[in-house]
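Given next, in structure tokens, is a single chain: the form predicted alone.
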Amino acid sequence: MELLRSIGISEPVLQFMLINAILGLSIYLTLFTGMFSLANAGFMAIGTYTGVILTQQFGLPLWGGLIGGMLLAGLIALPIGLPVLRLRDIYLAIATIGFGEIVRILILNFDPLVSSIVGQPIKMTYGALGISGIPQLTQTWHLVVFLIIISYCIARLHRSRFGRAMAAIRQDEQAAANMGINVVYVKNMVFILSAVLAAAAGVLKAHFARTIDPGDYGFSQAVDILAFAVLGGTTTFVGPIVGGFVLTAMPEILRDFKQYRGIINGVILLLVIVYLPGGLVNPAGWARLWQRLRGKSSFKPVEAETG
């Protein structure tokens, strides 16, 4: 821990790094299956508010709020996924962005909407003010253990028949269907698992950040989650973990240039996309980059023959 502090990474920053790694894994599941879904910020919001309400207003322990947030996100993902996952590529991305915005707006207007239905004032999400004073229940070891368990489960999933079906759908959905794979079932299960992971990250984050508001779960959050996977790479589940760590730690390491954080993060992403399209955790990409660099360094102009 002293080594991390020496480069500007305190324990709260480490906690954010672990949370963002979990969020990166949540979108990795859909990307690995060939689904360009940006709904994770919406499911994160659902899990966050559900977990916080259960712990703060109903007195449940952290694990109770965690299970409650994950269950509700999974239940909502099931009916949402059935029609939405028929879309592909950019159309799926647009639809899932719309879902996230609907969730954010519903959270903003939840209290007056429910109050008008039941006929008495209700205070649950507190609209644009958000919820503060959340009990600080999440500890670093909770996040480490959760990340290890999820990583192990994903590694096992890849070696299973279901994981091979995910890879087949990503490569060619029609061919996978012709081989007897239930494409609708696999895509919906992956979508639900992704939603559950995003919700879990939201619950754990809320219980160490101690404050939440609907603005935390807008389009920018969806893009950040995608950036974790893009930076690290989606060839292996380790990629989003590395991406989450790097993008979270970089602003703290470069704290002296805090006014340029957005520019620095953007430049890093751009360089990775251009020169390492497979992400940081992609040996083949590094090998190609090395070959390109060697090719340029060993280039010698050929003089034109005369006479």
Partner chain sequence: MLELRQVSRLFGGLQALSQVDMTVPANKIVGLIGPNGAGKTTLINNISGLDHPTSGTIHMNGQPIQRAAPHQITRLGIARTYQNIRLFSEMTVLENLLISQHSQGKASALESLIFSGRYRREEQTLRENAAVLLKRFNLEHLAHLRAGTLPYGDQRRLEMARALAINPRLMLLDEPTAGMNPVETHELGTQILRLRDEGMTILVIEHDMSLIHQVCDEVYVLSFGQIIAHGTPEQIKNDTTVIEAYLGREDE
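Here the structure is a predicted model, which means the values were calculated and not measured. Residue numbers count along the first chain shown, from 1.
The same protein has a further form, the form predicted together with the partner chain, not shown here; the description that follows concerns it.
To verify the annotation, which of these, S116, Q136, S220, S160, has a non-hydrogen atom within 4.5 Å of the partner chain in the model of the complex? Result of the distance check: S160.
Which of these residues, I90, I105, A175, A128, gets a heavy atom within 4.5 Å of the partner chain in the model of the complex? Checking each option against the partner chain in the model of the complex, the one that comes within 4.5 Å is A175.
Tell me, yes or no, whether K123 is in contact with the partner chain in the model of the complex, where a contact means a heavy atom of each within 4.5 Å. Taking the distances in the model of the complex, the answer for K123 is no, it never comes within 4.5 Å of the partner chain.
Using a 4.5 angstroms cut-off on non-hydrogen atoms, would N182 count as touching the partner chain in the model of the complex? N182 belongs to the contact set for the partner chain.
Test of understanding: in the model of the complex, would A165 fall inside 4.5 Å of the partner chain by heavy atoms? Yes - in the model of the complex, heavy atoms of A165 and the partner chain come within 4.5 Å of each other.
With a 4.5 Å heavy atom cut-off, would you call Y152 a contact of the partner chain in the model of the complex? Result yes; Y152 sits at the interface with the partner chain in the model of the complex.
Stretch from 69-77, 167-175, 196-204, 222-230 whose residues place a heavy atom within 4.5 Å of the partner chain in the model of the complex: Partner-contacting stretch among the options: 167-175.
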